[in-house]
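Below, in structure tokens: the form predicted on its own, a single chain.
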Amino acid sequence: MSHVIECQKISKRFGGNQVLKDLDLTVDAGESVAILGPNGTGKSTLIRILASVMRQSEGKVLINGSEMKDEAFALRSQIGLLSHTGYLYTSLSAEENLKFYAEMYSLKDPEKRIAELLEKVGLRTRRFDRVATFSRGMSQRLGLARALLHSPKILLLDEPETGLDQEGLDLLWSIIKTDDPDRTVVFTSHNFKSTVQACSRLIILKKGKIVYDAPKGDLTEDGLQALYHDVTGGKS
């Protein structure tokens, strides 16, 4: 059986700057994989490549055995993405944004799913308000609803805690865990507490390469912090 996600010798260059270097990675169904590493080490780049919003310079990405470059349009329907860019239209309301994406994914009975998600993310009473009036945290909540709208089997999260207060953080991970417990999740983070609570496996990147990859086991927040600083040389 093929892996849900497989990266084979992935490299990415921006001009003369090589961000990812011959990276190999496999992720199996149901895993929750945290990717940590210093700023500029390629975490966000890797997420964007997995989501097919960016093309690698070399190497292959396979989703459920199909190569991304050949089947990008079809494979996107299996993937939900929440990143710094919310992919939201600020001139539209929360509900209008979700209706737009529901049409894109040809959802059946979208009204029911939209109402369910707006309730889950705490935006039911703001459903008719334009996104331009939302705070950063509210936009992030709506971005999560957009990412989950089509019930993807793979969820990619690039520092999803951005702009969220503690209530928002608790809500984020609660929704991710309960919306589909069997979903495969890959996320980047600088938050050690959220990481140890949410992940089943830890990956640490440094200078575009994987320098640590292991199950979380019984690692605590303090243990993760010590491990991270040891592996990265104290860089954040």
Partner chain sequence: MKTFWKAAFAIAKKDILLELRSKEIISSVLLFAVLTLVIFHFAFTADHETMTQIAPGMLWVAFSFSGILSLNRAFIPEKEDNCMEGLLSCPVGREAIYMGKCLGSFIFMLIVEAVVIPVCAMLFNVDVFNPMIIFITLLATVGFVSVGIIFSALSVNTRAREMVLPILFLPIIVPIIICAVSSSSAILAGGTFEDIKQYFLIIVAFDVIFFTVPLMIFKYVVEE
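The term rigid core refers to the maximal set of C-alpha atoms that superpose within 1.5 Å between the two forms. This one's a predicted model, so the numbers in the text were calculated from it and none came from an experiment. Positions refer to the first chain, counted from 1.
The same protein also has a form predicted together with the partner chain, omitted here; what follows describes it.
Colleague: If you check Lys60, Lys177, Arg55, Lys193 against the partner chain in the model of the complex, which one has a heavy atom within 4.5 Å?
Modeller: Spelling it out, the residue with a heavy atom inside the cut-off is Arg55.
Colleague: Could you tell me which one of Ser135, Ser151, Thr162, Thr85 places a heavy atom within 4.5 Å of the partner chain in the model of the complex?
Modeller: Only one listed residue qualifies here, and that residue is Thr85.
Colleague: Can you check whether Leu81 is within 4.5 Å of the partner chain in the model of the complex, heavy atom basis?
Modeller: Leu81: contacts the partner chain in the model of the complex.
Colleague: Is Glu96 one of the residues lying within 4.5 Å of the partner chain in the model of the complex, judged by heavy atom distances?
Modeller: Although the partner chain is absent here, Glu96 would touch it in the model of the complex, with heavy atoms inside 4.5 Å.
Colleague: Does any part of Leu92 reach within 4.5 Å of the partner chain in the model of the complex? Heavy atoms only, please.
Modeller: Result yes; Leu92 sits at the interface with the partner chain in the model of the complex.
Colleague: Whether Lys120 contacts the partner chain in the model of the complex should be assessed with a 4.5 Å heavy atom distance threshold; does it?
Modeller: Lys120: no contact with the partner chain in the model of the complex.
Colleague: Which residues within 99-116 place at least one heavy atom within 4.5 Å of the partner chain in the model of the complex?
Modeller: The stretch 99-116, when checked against the partner chain in the model of the complex, contributes Phe100, Tyr101, Glu103, Met104, Tyr105, Ser106 at the 4.5 Å heavy-atom cut-off.
Colleague: Verify the C-alpha shift of Ala132 between this form and the one not shown: is it 2 Å or more after superposing the core?
Modeller: Yes, the C-alpha position differs by at least 2 Å between this form and the one not shown.
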